[in-house]
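Heads up, the chain below is alone and in the form predicted on its own; it's given as structure tokens.
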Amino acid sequence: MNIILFGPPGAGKGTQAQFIVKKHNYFQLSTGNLLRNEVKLNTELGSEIEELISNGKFVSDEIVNKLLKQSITNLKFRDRIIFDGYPRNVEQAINLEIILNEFNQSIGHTIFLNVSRDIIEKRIMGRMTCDICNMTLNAYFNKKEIELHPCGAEHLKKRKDDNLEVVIARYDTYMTATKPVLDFYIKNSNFTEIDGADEIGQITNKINDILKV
């Protein structure tokens, strides 16, 4: 069965998607990766995508749908796709259903990791990465681990792009744009909302329980 996994920036969506990939042998599909891979392959479509992006233009739904079809029709990924952060609008949600129905597939579960803006701010603004071992810790949630960090707390540095204004803007934009999509799916019996403020392991266990059903 295919899965849709939603979550605002900083919700841990990517982390959970990777756990699903490893445990349940899924293929993680994000439109960003699809576009980048097509550019790397240097195809005619990839050249078109690169030109659009380099000129600051949006890639059309038509192009995204074409790439989606390539993955959905790949027998290796059949009924084993995690749609990571897609669809982003109701039109894309409708198109996704049409494409899946065309190839006799469907969405088995739609999972929404709901996290408040306050938690997102703390997760991102408190995030620090060790410049020696690349371990990531959080000033708000990992105080003891920071004190005992084997490389020394002085090597834990904040990322330059972890800017509060940017974080708030990204979160608000995501939630505003995503609400109509959530309203589209929430009426379905296979829609599940999970508290994204829980510990990573707790969220993973909840998702595993959902996928066992």
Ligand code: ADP
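For the two forms, the rigid core is made up of the largest set of C-alpha atoms that agree within 1.5 Å on superposition. Computed from a prediction, not measured in an experiment: that's the story for all the values here. The first residue of the shown sequence is 1; numbering continues from there.
Unshown form predicted in complex with the ligand; subsequent notes refer to it.
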property: Listed residue (Asn142, Thr110, Gln105, Gln92) with a non-hydrogen atom within 4.5 angstroms of the ligand in the predicted complex; result: Asn142
property: Contact label in the predicted complex: Glu193 to the ligand, heavy atom within 4.5 Å; result: no
property: Heavy atom of Asn114 within 4.5 Å of the ligand in the predicted complex; result: no
property: 4.5 angstroms heavy atom contact with the ligand in the predicted complex for Leu137; result: yes
property: The ligand contact at Ile200 in the predicted complex, heavy atom, 4.5 Å; result: yes
property: Members of 8 to 45 lying within 4.5 angstroms of the ligand, judged by heavy atom, in the predicted complex; result: Pro8, Pro9, Gly10, Ala11, Gly12, Lys13, Gly14, Thr15
property: Flag for Lys66, CA shift 2 Å or larger between the shown form and the other one after aligning core; result: no
property: Core-aligned C-alpha movement of Glu50 between the shown form and the other one reaching 2 Å; result: no
property: Large Cα move at Ile186 between the shown form and the other one, threshold 2 Å, rigid core; result: no
